[in-house]
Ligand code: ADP
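Shown next as structure tokens: one chain only, the form predicted on its own.
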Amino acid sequence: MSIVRVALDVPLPTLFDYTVAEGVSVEVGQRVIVPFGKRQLVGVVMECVATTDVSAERIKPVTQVLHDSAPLSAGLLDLLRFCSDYYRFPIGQTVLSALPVRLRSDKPVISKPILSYRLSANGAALDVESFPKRKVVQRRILAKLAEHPCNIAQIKTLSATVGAQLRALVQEGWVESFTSVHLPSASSALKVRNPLSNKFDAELSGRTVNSIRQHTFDNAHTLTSEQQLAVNAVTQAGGYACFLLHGITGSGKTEVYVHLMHEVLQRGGQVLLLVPEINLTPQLENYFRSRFPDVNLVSLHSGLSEGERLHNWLQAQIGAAQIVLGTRLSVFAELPALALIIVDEEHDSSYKQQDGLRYSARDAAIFRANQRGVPIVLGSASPSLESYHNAQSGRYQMLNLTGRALAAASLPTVRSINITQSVMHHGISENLLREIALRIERKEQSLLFINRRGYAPVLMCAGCGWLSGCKHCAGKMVLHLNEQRLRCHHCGYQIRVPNACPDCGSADLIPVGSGTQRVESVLHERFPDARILRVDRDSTRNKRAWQTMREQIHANEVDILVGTQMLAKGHDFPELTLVGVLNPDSALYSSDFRAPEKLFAQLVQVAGRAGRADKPGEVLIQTAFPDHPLFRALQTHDFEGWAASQLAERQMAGFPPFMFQAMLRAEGKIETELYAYLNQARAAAIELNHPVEILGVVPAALPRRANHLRAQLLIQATSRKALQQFLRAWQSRLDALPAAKLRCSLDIDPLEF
């Protein structure tokens, strides 16, 4: 009997040994069902060994070997081992969390054919212009299929109601479906090459290399000299290299991505493109489909159904998906022919997972690129200071785009409005309101950016000073006036707005501060005839809402946009010429040393929405500190000067990137147990006597959330190696500490404090 070591989705930092009956074949990376206590669990075989230290009577046999999907590759398993070790997270939970939900269950994986659509013989003979004009969506589908056959994902980009309209065309006989690509079973899984290496001796999914290389590329855009230099630098890398593409907003970073993808696709390679937000995925997906109309592009993100995610993941695994576009979890997608990784908006904190495996997708992507020997491009208009420092020190290669891609476009003018010397109307200055009126008159669009949803951050009693605090958290409940609810944005607890103060009975309850709903209300009062659109998490809750809103904005059916950070990045609205920023000063008071960096990046992104076409843009920032260096740097578009001053401050203070950090967090309901655990952990850390700095135990920034008290312990070291050596030694001592009633986690390279 052979022995396999299996990774299971349990919170234990080890693999589990099982026997395999004679005559049963099993490979590393294969899914198996094994007994674990009284349960049957799905696991992944990580090793096949001849001997074990576990006594024979304790080793149970594998219940079933699952052959319904191809084994995970050695490269992906190595990446997951690295993440488990670096982020100090159990190997089994690391491996299983990287898989689609369907692959974590014992339900059989059914390989479905990929349906595409084309015009039938009758449809090809049809004159689209003679088709009824009232059937707008059907006319669009017919016109698109007249160019080339499309799969359902490509057709869905035409309209939100495309499904019903496509079925109608099929029933009428104008359109027919056909099977374009089958997902092969594990038994027919093929060896696929890395197109940048010399190890290639097979075909991909039954298609020859020549057929892979043939694809239509919409090369409608001529590159600027800076864009061409960036493309040349990456394509000539010849192996692993990390590039920081620092381009101002509107400089055409996406166009650089497109040309790099074209180069890779010509050689039969796969591209992984990471984006920070789900909301950006459909927009970019539509754009890349238009540029590569016959390339198989799939998306991977949490907005997909289980079936969709499994289907797209399997396409990537067999190499049928040539471009994979996704959020942070897609960094773990199987990509046998991976030849290029792109991380768009690399500075975005959304790339850091904040629970479970607390990994950074950007950093994992860099490790993966190094592991596979392929180039990686980190793109941003305001790079993280860690990446910028690495580029300045020569660890990364810097690529600069200093001008806007459109010759007629220029960077917006940025001005500060001193709110202490201005007439204010419920948080909006008279100067800003006048500029909005001017844009409405010129039929241009304005955007008011306030990074706070709801009507007001807090409800206050004018009589006794009562504030709408959450009974489960240390935070305040936000007033949502339209729904007449007070809602906690930390734990989700909500109640109806009280008619009177719960403490003194006064009916004089006042909303304090502004959120998106209040700004929208003020604008409706000032501009009753204006078309105002609010874009935040509340208004885009429905699946198709944001797509419909985006279409309205592009059709210039909106005069004023009010939104949160959802509107700050990645969007191109040609008619938008004015951006007003409300209440940015709160970040200047934050105890988080990264708060100024985050604010600067956020304001650079939102300012970049203005004047992206041939009309000049203007940005007005309402602040009580117009002379603050951060706002001065924004006015002069001086990222380099701002970054240099911030890096100098961090070096003096001993903060990243000059220091490497790990945070031990703990949550519990009993304060004495919580602090006893963290103080014991601190004592154990001191006893190890490693060259690290061990700070004191302190409450978290939000000390109580969902009825759990929260505290933390920060460890710092001057080198990543020293920190990792300490963490490996400390881990065993942490595991031995009593923490049965606590939720504990180690956060390596933490972003939140």
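Predicted, not measured: the structure shown is a model, and the values here were computed from it. Position 1 is the first residue in the sequence shown; the rest follow in order.
One more form of this protein, predicted in complex with ligand ADP, exists but is not displayed; see below.
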Next on the checklist: My question is simply whether residue 252 lines the interface with ligand ADP in the predicted bound form - judged by any non-hydrogen atom within 4.5 Å.
Outcome noted: yes
Next on the checklist: Is residue 221 part of the interface with ligand ADP in the predicted bound form - any heavy atom within 4.5 Å?
Outcome noted: yes
Next on the checklist: Is it the case that residue 622, even though its partner is missing from this view, gets within 4.5 Å of ligand ADP in the predicted bound form, heavy atoms only?
Outcome noted: no
Next on the checklist: I'd like to know if residue 405 sits close to ligand ADP in the predicted bound form, meaning any non-hydrogen atom pair within 4.5 angstroms.
Outcome noted: yes
Checklist entry - If contact means any heavy atom within 4.5 Å, which of 523 to 531, 303 to 311, 483 to 491, 252 to 260 contacts ligand ADP in the predicted bound form? => result 252 to 260
Checklist entry - Just one of 227, 322, 516, 384 has a heavy atom within 4.5 Å of ligand ADP in the predicted bound form. Which one? => result 227
Item to check | Position in contact with ligand ADP when the complex is considered in the predicted bound form, options 671, 147, 551, 572, heavy atoms within 4.5 Å | outcome: 572
Checklist entry - Since the partner is left out here, which residues of 718 to 753 would have a heavy atom within 4.5 Å of ligand ADP in the predicted bound form? => result none
